[in-house]
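Have a look below at one chain only, the form predicted on its own, in structure tokens format.
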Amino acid sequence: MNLLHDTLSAIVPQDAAFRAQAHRRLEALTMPYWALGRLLDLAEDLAGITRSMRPPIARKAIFTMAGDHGVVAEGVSKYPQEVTPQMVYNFVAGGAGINALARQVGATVTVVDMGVAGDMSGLAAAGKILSRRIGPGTRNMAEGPAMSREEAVRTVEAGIDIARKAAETVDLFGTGDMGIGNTTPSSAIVAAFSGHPAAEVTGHGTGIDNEQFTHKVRIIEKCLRINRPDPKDGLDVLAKVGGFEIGGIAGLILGAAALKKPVVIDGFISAAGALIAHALCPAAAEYMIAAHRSVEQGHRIALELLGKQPLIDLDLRLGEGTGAALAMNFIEAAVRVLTEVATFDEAMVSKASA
């Protein structure tokens, strides 16, 4: 708990002076005023986050948090639970969507076992994945809390510790996830914080049909009714209707914010982790960059709660960190605009008439 407390105490808002300096330069670039729109907004954010007019973002790393969920026993997913460990092996082999997109943007991918229902010890011992294992998946939250409060703290602190240990080699963090059934706790988290009915924050996940969707909504309603998560207490929400990997994502975000480094939030599951981080420290949102808008309807509501407008909208719903990897291209573009485009005075170009 000391690590969590110390981290929360270290998070402060973006630097207003660097934001103002970046804004002055951006509005003086050789183009009509703010002609690159939200790309310039992003550049200003990056200056404020990093306290630099040359924001460091070259060393990119995506952390894909993996964990299983007891609520899968309720039939909320189209895929069996053994897919989670199978996909971890696929990540390690470099054959997943996140591997291809991370290679394209020059980012590393680190898989973290937060609580996979399978033996990952061989991969961990070989240094192929990080082990921050809390247990072999959460408990069935349709029957009671997904985890204890102490376990919830451990998941968040695991994510913080990962960010701290990566601080010397990573400029730009990205979040990712893997865990069959994890749209169910994510929907429950969004419902808990937003007050929206379960049906409005739940999607079709891995491709369930309408009948399965109705069943999934009922299970989420039951989870919320049984556990009564307190939206004023982020740890209570995480413990009662969350997931080990969701807590790890929340911790990674908090750790990056405390380090004054930008963190790119992937899709729906990552947004659920971001909501936990925001509940624990609202200022952490100033270090989050929303990568994309998922087709999961709860993601839109989560982004609204975070006050974030996503960079891209490509009907993505894979997770893994794929949206974060794609968004890193735009982040690099924003920095290049800030640092490489000349101002009117530097280029000796005539300005527009008043």
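Remember, it's a predicted structure, so these values are computed and weren't measured experimentally. Just count from 1 along the sequence shown to find any residue number.
As for the form predicted together with a further copy of the same chain, it is not shown, yet the points below apply to it.
- In terms of contact with a further copy of the same chain in the predicted bound form, the residue from Cys281, Ala198, Val153, Val83 that brings a heavy atom within 4.5 Å is Val83.
- Though the partner is left out of this view, Ala167 does not reach within 4.5 Å of a further copy of the same chain in the predicted bound form, counting heavy atoms only.
- Although the partner is absent here, Asn227 lies well away from a further copy of the same chain in the predicted bound form, with no heavy atom inside 4.5 Å.
- In the predicted bound form, a further copy of the same chain sits beyond 4.5 Å of every heavy atom of Asn140.
- a further copy of the same chain is not shown here, but in the predicted bound form it comes within 4.5 Å of a heavy atom of Asn329.
- Residues placing heavy atoms within 4.5 Å of a further copy of the same chain in the predicted bound form fall in a single listed stretch, namely 86-94, out of 110-118, 86-94, 127-135, 217-225.
- Annotation: in the predicted bound form, residues Thr30, Lys78 and Val337 each come within 4.5 Å of a further copy of the same chain through at least one heavy atom.
- Along 26-52, these residues reach a heavy atom to within 4.5 Å of a further copy of the same chain in the predicted bound form: Thr30, Met31, Pro32, Tyr33, Trp34, Ala35, Leu36, Gly37, Arg38, Leu39.
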